[in-house]
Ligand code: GLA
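Here we start with a single chain on its own, the form predicted alone, put down as structure tokens.
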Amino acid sequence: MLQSMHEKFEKLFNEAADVSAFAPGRINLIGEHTDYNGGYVFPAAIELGTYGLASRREDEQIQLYSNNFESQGIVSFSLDELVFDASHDWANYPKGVIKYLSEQFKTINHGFNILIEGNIPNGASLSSSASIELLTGWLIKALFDLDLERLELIKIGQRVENHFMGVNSGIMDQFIIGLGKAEKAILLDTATLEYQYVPAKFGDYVISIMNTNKRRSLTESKYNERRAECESALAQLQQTLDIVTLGDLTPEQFETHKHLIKDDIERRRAKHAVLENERTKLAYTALSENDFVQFGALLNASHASLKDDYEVTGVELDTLAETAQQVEGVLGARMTGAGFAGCAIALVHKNNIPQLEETVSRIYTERIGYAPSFYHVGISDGVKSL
């Protein structure tokens, strides 16, 4: 891929690229919709991701091109035109990063050319947007030799989502893409940003990624609505309890005080956030002890909670996860990512992968009308120069 990208770069911009980089996508093993609720998440970077090439220019023009959105052509704007523009589509993600970096580093006083190409399926909930954000930041860091720590870049990526794109997402995606390590997941406390690497080794079992092939856009989803419901539930609990986030509550404390939340829907949203946080901590223990049966059971419980209490699954994700759960050799399955579409994951014995794919494909196609896709990829390093 890189060789053809270099050739395309020279054809587009009439010069060779100065720097190149890769930023992975991610899966979240467990801990869904907990990151903006001050809880734990358990993500891993994956070998699917976004590649980028860049060169400096002498003027102040910035030119962006994506091989994944060729019909968009070159998106061009000046260093003094860093505002959201709906017509720029995908390019708003890198543009937001450029805006915040150029405000922080006055040495970014020249334009540049960037070509990107990703092999993360669009809308698959494997975090292609955060991958583009971190990739852009890393390319600019290399071009201008910026003194930029990974955690700083991670926070800029989240700022782009929250304030430039208008999605009230947490920090998980950018964090794992910035700090991922090969063959390791990260247990992250989103309240403190304390984290630890955990070997993501499952013995004779593998993580199968199952794509609904239904497009989902976070900004069009009910993501912000879910966050608002959790914030309302938290505010009602805080009238009696001295807590900062829902992640501060144990399941027992929630059970004792859930009557404080007057609205049934908000109560169920908070219930998911609290119990999912507990499941994530238990999953860390299970994986540390190689208890894959328990780990799988927690995946199943997570999906049920996301379906019934958080209501972010939908018929496509439910069909994938619930069908997979019935296949021999599968210890557990659940949706991963924000939900509404995108992907599910299954922990499956390596000998049962063909059976999983055949059974899930058949039932999903009968019910939904088109086929899902499957990926078996390794756990990758975070963003890096190539």
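The shown structure was predicted, so the numbers you read here are calculated from the model rather than taken from an experiment. The first residue of the sequence shown is number 1, and the count goes up from there.
There is another form of this protein, the form predicted together with this ligand, and it is not shown here; the text below is about that form.
- The partner is absent here; in the predicted complex, the one residue of L287, I171, L234, I156 having a heavy atom within 4.5 Å of this ligand is I171.
- Proximity to this ligand in the predicted complex, taken as a non-hydrogen atom within 4.5 angstroms, holds for one residue of Y223, Y205, F112, Y93, which is Y223.
- Note that among 57-65, 314-322, 331-339, 354-362, the stretch whose heavy atoms approach this ligand to within 4.5 Å in the predicted complex is 331-339.
- At the 4.5 Å threshold, heavy atoms of Y51 stay clear of this ligand in the predicted complex, well away from it.
- Using a 4.5 Å cutoff between non-hydrogen atoms, G31 counts as a contact of this ligand in the predicted complex.
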